[in-house]
Ligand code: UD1
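Only one chain is shown below, in structure tokens, and it's the form predicted alone.
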Amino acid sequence: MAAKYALILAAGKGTRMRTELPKCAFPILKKPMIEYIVEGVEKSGVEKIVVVVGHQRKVLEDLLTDRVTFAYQEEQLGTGHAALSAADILKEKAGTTIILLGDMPLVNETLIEKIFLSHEKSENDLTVVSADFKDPTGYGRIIRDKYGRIHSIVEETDCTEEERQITEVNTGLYAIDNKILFDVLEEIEKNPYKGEYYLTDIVEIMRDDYRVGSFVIREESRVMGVNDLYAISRVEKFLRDEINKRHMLAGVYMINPETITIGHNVSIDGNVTINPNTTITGNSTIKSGAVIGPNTEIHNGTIHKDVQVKHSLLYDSTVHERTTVGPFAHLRNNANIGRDNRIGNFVEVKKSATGAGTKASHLAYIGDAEVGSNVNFGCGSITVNFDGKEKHLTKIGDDVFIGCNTNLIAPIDIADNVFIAAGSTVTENVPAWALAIARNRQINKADYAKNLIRPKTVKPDNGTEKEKKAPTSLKKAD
């Protein structure tokens, strides 16, 4: 079998996207568009991937570092010129090159493998990938001769009325003998109206002297191109439906799946329940028995067996077995929550690890902390990790009880079996088995409030004013 290469054209500006990002870097389900194509090519067994970049090329270089080789189109002179930019990298190689567009994220490894196989079996020098569109508006038309052979590709703006009725369109994908490719590209002439070199012209250049064939795609959506934000929404819907179907057939129970978004690289075991309005993206993993949602977002998260996460946000974090998270919890920056934990209402955990059986049931902040097992955070307790310039670490041992409204001023070390009284602001390390009380003694001064509070007058039902005996506002007397 001949060597296989991929040439991805991704140098365009994408002005219709109305975004500062280069079009091919625009996210679809929180993943840059071009990464879908590169992953598909990688899985198809291609030996070398060349990506042609131009507009804001640094963005794409940062996204695809070490995965591809870059070629540079310094001027935007059309698709033919873009392909020719890779000549120094691919020209001398023997084999077959597939040419792809960086704005077609639904082209997957299965389709790429089929194109290569069709090209090889047909013994073509050039295989044009076409599709039959119900609405071909905006696409170049495939013109065939009376024998059914491809004669040319005509851009819609150049079509006659009769040619506009043709529904077979050019997808922009090609498989071509690599030794022929760059010689043919050099023969393309600049279009006098657009001032660009059209890759489509290779059909007319090659039809008489080479074997030119076609591979017709029956699934129109698979070769959907992205030129604007509306097209993004169409691609996302297609991906969402395809991904959700795959997971449901594998045993994932989705309630109202039309409201659920699962990313392309998410791994979900069977026997998982996902409730409405849930988004799971990135390289997330959900293990068996987990219940996710409703109204939950997980990105790059690892959820272990029998975990429950509801009405919460989880980014770049891990939750271990049988832990419950939420409602309204926020885990971020590599939070690592141990097994059998309770992370409850309005609790935020950032860059911290907790041991088994730890509980923060409500209104707590755990940041930059190493927390042991069976620790209880009372309501309103926080690790005070930031001194205005730097972040500091809090260490908490096992079997520690932290009373309500406690401030742990980092850096600080709380040993095992410590009890911290409610309302304490703890600034020094606490040894094992100690009771820490860090608050002022309460003093009640009889009748002193009369010097601080002005009684408020109210109008009773009869309309006359009288002085209210019980003060209701704290105001200093004149």
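Treat the numbers as computed from the prediction; the structure is a model and nothing was measured. When you see a residue number, it is the position in the sequence shown, counting from 1.
We do not show the form predicted in complex with the ligand, though everything after this point is about it.
### Contact stretch among 301 to 309, 349 to 357, 254 to 262, 78 to 86 - heavy atom within 4.5 Å of the ligand in the predicted complex
Of the options, only 78 to 86 has residues within 4.5 Å of the partner.
### Message
Can you work out which of Phe116, Tyr315, Tyr365, Tyr198 has a heavy atom no more than 4.5 Å from the ligand in the predicted complex?
### Response
Contact with the ligand in the predicted complex is made by Tyr198 alone.
### Query
Among Asp340, Asp125, Asp398, Asp103, which has at least one heavy atom within 4.5 Å of the ligand in the predicted complex?
Selected residue: Asp103.
### Query
Is there a heavy atom of Gly380 lying 4.5 Å or less from a heavy atom of the ligand in the predicted complex?
No.
### Message
Although the partner isn't part of this model, could you tell me whether Glu155 comes within 4.5 Å of the ligand in the predicted complex, counting any heavy atom of the residue?
### Response
Answer yes; at least one heavy atom of Glu155 falls within 4.5 Å of the ligand in the predicted complex.
### Message
in the predicted complex, does Gly140 come within 4.5 Å of the ligand, counting heavy atoms only?
### Response
Close contact exists here: in the predicted complex, Gly140 approaches the ligand to within 4.5 Å, heavy atoms only.
### the ligand contact in the predicted complex: Asn333, any heavy atom under 4.5 Å
No, Asn333 stays farther than 4.5 Å from the ligand in the predicted complex.
### Query
Quick check: do Ala10, Cys24 and Gly172 each get a heavy atom within 4.5 Å of the ligand in the predicted complex?
Yes, the whole candidate spot contacts the ligand.
### Message
If you apply a 4.5 angstroms heavy atom cut-off, which residues in 200 to 228 are near the ligand in the predicted complex?
### Response
Going through 200 to 228 in order - heavy atoms within 4.5 Å of the ligand in the predicted complex - the hits are Thr200, Gly225, Asn227.
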